[in-house]
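Below, in structure tokens: the form predicted on its own, a single chain.
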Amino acid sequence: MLYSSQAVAKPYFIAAIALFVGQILFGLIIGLQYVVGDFLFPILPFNVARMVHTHLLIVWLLLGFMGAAYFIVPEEADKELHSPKLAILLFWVFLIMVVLTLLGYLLVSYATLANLTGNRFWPTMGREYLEQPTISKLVLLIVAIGFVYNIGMTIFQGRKTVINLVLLTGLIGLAVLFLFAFYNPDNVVLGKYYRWWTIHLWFECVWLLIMAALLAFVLMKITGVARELIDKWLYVITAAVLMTGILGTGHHYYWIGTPEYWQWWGSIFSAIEPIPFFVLTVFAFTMVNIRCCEHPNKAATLWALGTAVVAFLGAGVLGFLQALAPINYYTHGTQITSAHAHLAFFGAYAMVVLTMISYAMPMLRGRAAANSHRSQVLEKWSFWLMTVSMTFIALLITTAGTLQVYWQRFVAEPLPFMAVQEKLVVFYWMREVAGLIFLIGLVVYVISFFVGGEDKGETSAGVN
């Protein structure tokens, strides 16, 4: 590490991985509840387990983004972090909020939680991905503002690079767009309309800017390619993300009571949403192919390339397959949507956070550039276990979703929902098996950081 304040990233990364493990455990629970309907009922109903699963997804990725930013920005700005103490304070505030929110989900009914947290005075609960009590949302917003202030002041007082500025743009967008989580009008159509200004514009726009900046930083470090070339690619990716991500929101407006022109706008811009992911894939492989040095952290290189490929397949290809209005008419709300969500979140966001942790954690633990060879072999195994199993999960539920669409929405005499689900049980069992393999891969990833051996981190690596 070049700056001592980069060390504040370490607790963020550790907490992120711990919550990631929790997310996968609850994912396995709800996967099993698909086929064993009374599993853990009434102790842990499906709706509660699913709410915990999605909540953990959001918060562990946010912790990962914050840790990555705290590691990258001092080095890019060429100065110490503006306030390391503020970073640590915000970490504990955020983590306490996460734990208390989870306890609220698990220990009391959702209606009771709403009453206890004063939802009747400022109703924001009850919406997918935005189930958190208003108090939790306020804490998250305060943490986001403090975080952006800390990062922004560091950049303002130091060197301005394209990586830092794209990252800061994404982080500011994350904080600003979260304000729409507090707007929950009585009109259901308006509520759904503006809900996507947080959900879609987070996941399919500003988070992509954060992802691109993180990936660009890691690729620059592990390849030694000139910063100027990295910057040019980042400009193109940023423009493509903003152009497609903003108007691509329209594919959520097809069937919620909005004007028909959204079917055209949504279809057109959603059809070109795979472009930034394709550019990202070409960017990653081009940088590795023209690298100026052999970085000792081979595992981080593998994660970086995997991020680009799986993000393109999950967010780009699977997203496009259901983005056009005439197709979405049949597929929305089916397992096809779930397949896209699983592979997209893993490829675009989970993998880039794991890439950053793979690159940064050896240095945060006192090694020069990389973990030992034995450790990296384990980490590569974890990469393939998680990536292949998640790909199988996506393929299995894509197949299940296709059959669901046919039996439930396309045939002359559609079958009832539960009758269709009964026919899909075999796919749900196979998904559960793939999920167990994914968990094994995640555990192997964690174990890899505790494996000793000859330290390969003394090899010199290109640093820009």
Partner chain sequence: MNNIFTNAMARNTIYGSVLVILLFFVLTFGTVRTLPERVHHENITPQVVLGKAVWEQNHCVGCHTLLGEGSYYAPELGNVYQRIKHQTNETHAGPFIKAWIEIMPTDAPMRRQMPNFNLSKTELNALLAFLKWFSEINAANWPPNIEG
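Since the structure is predicted, the reported quantities are computational estimates derived from the model, not experimental observations. Residue numbers count along the first chain shown, from 1.
The same protein also exists as the form predicted in complex with its partner chain; that form is not shown, yet it is the one meant from here on.
Shown alone, this chain has one stretch from 182-190, 71-79, 381-389, 91-99 that lies within 4.5 Å of its partner chain in the predicted complex by heavy atoms: 182-190. Checked against its partner chain in the predicted complex, the residues S270, N164, T154, T238 give one hit for a heavy atom within 4.5 Å, which is T238. The partner is absent here; in the predicted complex, the one residue of A175, L242, I199, L364 having a heavy atom within 4.5 Å of its partner chain is L242. Heavy atoms of no residue among Y3, E294 and T301 are located within 4.5 Å of its partner chain in the predicted complex. Although the partner is absent here, S375 is not a contact residue: none of its heavy atoms lies within 4.5 angstroms of its partner chain in the predicted complex.
Although the partner is absent from this view, K232 contacts its partner chain in the predicted complex, with a non-hydrogen atom inside 4.5 angstroms. Within 4.5 Å of some heavy atom of its partner chain in the predicted complex lies at least one heavy atom of A114.
Within 4.5 Å of any heavy atom of its partner chain in the predicted complex lies no heavy atom of K221.
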